[in-house]
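Quick heads-up: it's one chain on its own, the form predicted on its own, in structure tokens.
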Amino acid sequence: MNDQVMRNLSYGLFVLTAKDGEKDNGCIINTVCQVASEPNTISISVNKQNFTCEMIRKTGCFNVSILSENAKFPTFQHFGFQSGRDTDKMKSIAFSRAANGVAYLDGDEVNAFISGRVLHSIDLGSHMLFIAAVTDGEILHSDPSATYSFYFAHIKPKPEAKPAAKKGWICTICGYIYEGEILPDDFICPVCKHPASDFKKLE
């Protein structure tokens, strides 16, 4: 099986935020879907290694900021390539708070936000699936939403040169290099938390 086939599915890109006590946090996800209209219900899938996932499991509340085609790569780096366990991800970020008290991004890189209250949680192995009631939401701008394919074509910088004389595997999401002849099947990128299927061998 060609694991890259999953990239042909249509995905959006979102900043998922949560709040636990005085701590705000957020991460990048690409799986948010409306699963019912009456009552209005969405599902989100989050890597269990993400601190945001832990916070949602504890509090049951979250916001989804829908990234637009105006999103810049540093936003993906900020929310996707570092951990909220040791970084204040909301520092120097323009945000507001929804009625649930959770932050959402309100700059020109975001066209809307949705607030959710968890109804059910399902452990899927690497990820947690949360089924949530929609409790709030607003349209902030009319700019088109960013898709995964738009991100790779227009937002993520193209590599300037091939890595020099290293043998190993490179993460196609963030560029992390694993040095070694064999990449373990269960390897998780320490930077962006993507699985071994998103690595390719360095030539």
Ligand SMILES: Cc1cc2nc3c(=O)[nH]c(=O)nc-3n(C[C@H](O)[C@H](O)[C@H](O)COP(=O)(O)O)c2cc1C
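The numbering used is simple: start at 1 and walk along the sequence shown. All values derive from a computational prediction rather than experimental measurement.
Keep in mind that the form predicted together with the named molecule is not shown, yet the notes after this line are about it.
Trainee: Work out which of 41, 47, 70, 59 lies within 4.5 Å of the named molecule in the predicted bound form, going by heavy atoms.
Mentor: Contact check passes for 47.
Trainee: In the predicted bound form, which of the listed residues (170, 146, 28, 64) lies with a heavy atom within 4.5 Å of the named molecule?
Mentor: Result of the distance check: 28.
Trainee: Given that the partner is absent here, does residue 111 sit within 4.5 Å of the named molecule in the predicted bound form, heavy atoms only?
Mentor: Residue-level check for residue 111: no, no contact with the named molecule.
Trainee: According to a 4.5 angstroms non-hydrogen atom cut-off, is residue 192 in contact with the named molecule in the predicted bound form?
Mentor: Yes, residue 192 lies within 4.5 Å of the named molecule in the predicted bound form.
Trainee: Going by a heavy atom distance of 4.5 Å, is residue 83 a contact of the named molecule in the predicted bound form?
Mentor: Close contact exists here: in the predicted bound form, residue 83 approaches the named molecule to within 4.5 Å, heavy atoms only.
Trainee: Quick check on residue 127: any heavy atom within 4.5 Å of the named molecule in the predicted bound form?
Mentor: Close contact exists here: in the predicted bound form, residue 127 approaches the named molecule to within 4.5 Å, heavy atoms only.
Trainee: Within 4.5 Å of the named molecule in the predicted bound form, counting heavy atoms only, one of 73-81, 129-137, 94-102, 115-123 shows up; tell me which.
Mentor: That would be stretch 73-81.
Trainee: At a 4.5 angstroms cut-off on non-hydrogen atoms, which residues of 51-68 are near the named molecule in the predicted bound form? List them in order.
Mentor: The stretch touches the partner through 51, 52.
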